[in-house]
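For reference, the chain that follows is the form predicted alone, supplied as structure tokens.
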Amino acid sequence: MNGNRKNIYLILGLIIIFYGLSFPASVYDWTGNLYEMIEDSILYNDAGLLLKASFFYITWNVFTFMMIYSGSMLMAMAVSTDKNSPYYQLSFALIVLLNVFIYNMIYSEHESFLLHMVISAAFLLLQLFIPKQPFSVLPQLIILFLILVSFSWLDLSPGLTRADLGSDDFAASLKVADSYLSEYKILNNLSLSFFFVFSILSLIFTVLIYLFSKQILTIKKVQKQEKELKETRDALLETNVYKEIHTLVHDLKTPLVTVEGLISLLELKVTQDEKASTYFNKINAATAKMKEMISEILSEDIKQEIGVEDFIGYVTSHISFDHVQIDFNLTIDEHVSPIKVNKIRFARALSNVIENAMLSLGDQKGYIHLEVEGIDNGVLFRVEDNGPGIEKRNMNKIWEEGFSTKNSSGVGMPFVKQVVENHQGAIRVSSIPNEKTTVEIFLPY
């Protein structure tokens, strides 16, 4: 994936640079008008035409090199996406200077390598203060634009001609016209003024983006900390609740043992007849069942084999289907094998799914289909309802503790997922709003 992205950066960078290098040739008539404007300013002694020609030159120059620099930036990102990396910085500077050389060769110009080295250094320096964020390329391009405008005006300063600045044909022609009209006063004042204005703007913009990015990072850190705090609080609450439940259930063992002992004594003392024996057998079976349930609640690891029909019968026996508006349909594959589960917890999980479906239907007429089928090396439980469904934006939130759209506790689905995963199973939820919701639970054998 990273290789594909780097190839995209490289190809896109080459296309943009090619467009930048070919731009002067594609606007040949426009550049011809620029030369006419310079000649007319001298011919008619018109300083206004000189100013107009200067602005046209800056626009043309900035657009051309904006393409070259932004393309060079993308090509450098093909080498390294880390702006702090010396590989990225060196690649960017070398690609820029190489394209300046190509530009000079194509158009027989004299663009200053020193000027573009300074521009590259200024851009790379300010770029370091832009934290990597989504859409961070846009502020980088704005900074690049401001720097290019700033130094393009500096290119027109007559006082810097000796430093090999402004040696291209357009800049030289503008300086010649200015020497005739104002003895270099117009371009000296204009170039230095705009250089300082746009340099300051680039610095201010960089500072603002830096502060804004820091604020965004701070907000994200706070949100992350709040999420971690909520998860810790929920985990602590859940732990305390489980501790209390385990304590209460464990305490049930004592009176249950007492009941067993008293029943045994009564069996010895009470005159045995057929009816009394039946009652005692039922009581013993009930106490044994309670002991089994207590053991399963206290230990999640206790799993027993049970037939699917018996298990579904146990689940549905704890759910009231008296709602006259709901059509409940049950389908069980005849060839499905028995499952090995913690019956109490897995039954609670499946009944939670069914109850959620009932809750979503409310007082509306609808259906709930429970289908059980054997697939591959496991059993698939599918619960489908035609309720209002789950909105796409809430699909991932249903697994969060406390999330609910029905003013309930919001612990149902997280509990279901935890139980299913403890059985090495998997759960999947799909929904079409206002049509249907399907919950599929796969349990391996």
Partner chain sequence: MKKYYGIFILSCLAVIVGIYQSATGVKEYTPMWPNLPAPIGEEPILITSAGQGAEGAVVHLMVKRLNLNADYRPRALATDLYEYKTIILYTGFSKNGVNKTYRDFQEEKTRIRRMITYANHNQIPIILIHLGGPMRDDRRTMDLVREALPYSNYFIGKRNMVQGKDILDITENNRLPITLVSHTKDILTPLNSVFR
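Keep in mind that what you see is a predicted model, and the values were worked out from it rather than measured. Residue numbers count along the first chain shown, from 1.
Omitted from view is the form predicted in complex with the partner chain, to which the following refers.
- Here the marked residues 36, 164 and 169 all reach the partner chain in the model of the complex, each with a heavy atom within 4.5 angstroms.
- At the 4.5 Å threshold, heavy atoms of residue 371 stay clear of the partner chain in the model of the complex, well away from it.
- Within 4.5 Å of any heavy atom of the partner chain in the model of the complex lies no heavy atom of residue 303.
- When the partner chain is considered in the model of the complex, residue 177 lines it closely, a heavy atom lying within 4.5 Å.
- Residue contact check for residue 395: none of its heavy atoms lie within 4.5 Å of the partner chain in the model of the complex.
- You can rule out all but one of 360-368, 331-339, 275-283, 155-163: in the model of the complex, only 155-163 has residues with a heavy atom within 4.5 Å of the partner chain.
- Residue 84 is the only one of 84, 225, 193, 325 with a heavy atom lying within 4.5 Å of the partner chain in the model of the complex.
- Taking 288, 211, 375, 114 one by one, only a single residue has any non-hydrogen atom within 4.5 Å of the partner chain in the model of the complex, and it is 114.
- Residues 84, 86, 89, 90, 93 are the ones in 84-104 with at least one heavy atom within 4.5 Å of the partner chain in the model of the complex, listed in sequence order.
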